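A single chain comes next, written as structure tokens; it is the form predicted on its own.
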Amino acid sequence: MEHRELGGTGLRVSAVGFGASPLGNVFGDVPRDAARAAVRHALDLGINFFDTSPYYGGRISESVLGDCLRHAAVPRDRVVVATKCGRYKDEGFDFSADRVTRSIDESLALLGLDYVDILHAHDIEFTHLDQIVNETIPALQKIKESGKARFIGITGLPLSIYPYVLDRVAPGSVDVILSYCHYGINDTSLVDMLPYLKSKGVGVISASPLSMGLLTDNGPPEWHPAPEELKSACRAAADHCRKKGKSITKLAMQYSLLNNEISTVLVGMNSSKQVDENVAAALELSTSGIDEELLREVEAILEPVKNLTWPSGIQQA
């Protein structure tokens, strides 16, 4: 498994990251032995980056991931663990200094860790960004100074949130960003922002290479916020791959790994089989490359909806 530098943090993270939201039973119940086996298998195959949040399953994901890492008995310095704050299943959004300060202690207790490597403010578009600039990030800085988090980040869907915040905080205040659904076959809009992020010394994590289920044979869940024309085009692309005996999921995963400016691609996993599939896709890419003909055909199908996204968050002043 290839490992890449994460911005200026000094961390080296696996190109494929283990998204632990499914361990929170958000897509169906995951037996504990299956969760433990998936994390153990991921570690054995070279995945060292694990991402969770108190929002996933109402803290179940954090608790289960902590159990899995303890069960694997992996040395702490062999893994990079990220969690989040500010978004909660029962409480909604609360980016106040008091809440994020309490949040990290709750997370560490559930994870069974003394510190996390990265603490993100989770989906910051759901508050006024000036609160993130003036209250949340200073609170996260204090958490970093306390040693409970080594680095801090911000996450969200609209790409405009990143320059808004990064241009208003002191250099080095934010170490990483986590963007989702903006680097895949159907949406590559993150690429335009990579030079800016690099100029700020900010590491880049990309999540949801399958666009929250759009680029899968099963299709997205009922609640998926994408417009119908995007869903329809992705269905057509998946059908095209299937008719050729190919997997759109594998193609999408490989495509997302092509850009070395993106340090790690987070994909949700809840079984050893899913770990195998994602790692196999990465290894095949490094040895044989991507199926260029199929990629061109799928890109042509998706061209009419290229970079089409959906609204997320509150209107910013």
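These numbers were taken from a predicted model, which means no experiment stands behind them. Throughout, we count residues from 1 along the sequence that is shown.
Below: the form predicted in complex with nicotinamide-adenine-dinucleotide (NAD), not depicted.
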query: Shown-form site status with respect to nicotinamide-adenine-dinucleotide (NAD) as positioned in the model of the complex after superposition (2.4 Å backbone/C-beta criterion, 3+ atoms); finding: open
query: Thr101, Ala139 and Leu166 all contacting nicotinamide-adenine-dinucleotide (NAD) in the model of the complex, non-hydrogen atom within 4.5 Å; finding: no
query: In the model of the complex, Asp123 touching nicotinamide-adenine-dinucleotide (NAD) (heavy atom, 4.5 Å); finding: yes
query: is_contact(Gly66, nicotinamide-adenine-dinucleotide (NAD)) in the model of the complex, heavy atom dist at most 4.5 Å; finding: no
query: Heavy atom of Leu111 within 4.5 Å of nicotinamide-adenine-dinucleotide (NAD) in the model of the complex; finding: no
query: Heavy atom of Asp51 within 4.5 Å of nicotinamide-adenine-dinucleotide (NAD) in the model of the complex; finding: yes
query: Candidate stretches 66-74, 273-281, 286-294, 35-43, one within 4.5 Å of nicotinamide-adenine-dinucleotide (NAD) in the model of the complex by heavy atom; finding: 273-281
query: Partner contacts in the model of the complex for 71-104 (non-hydrogen atom within 4.5 angstroms of nicotinamide-adenine-dinucleotide (NAD)); finding: Lys84
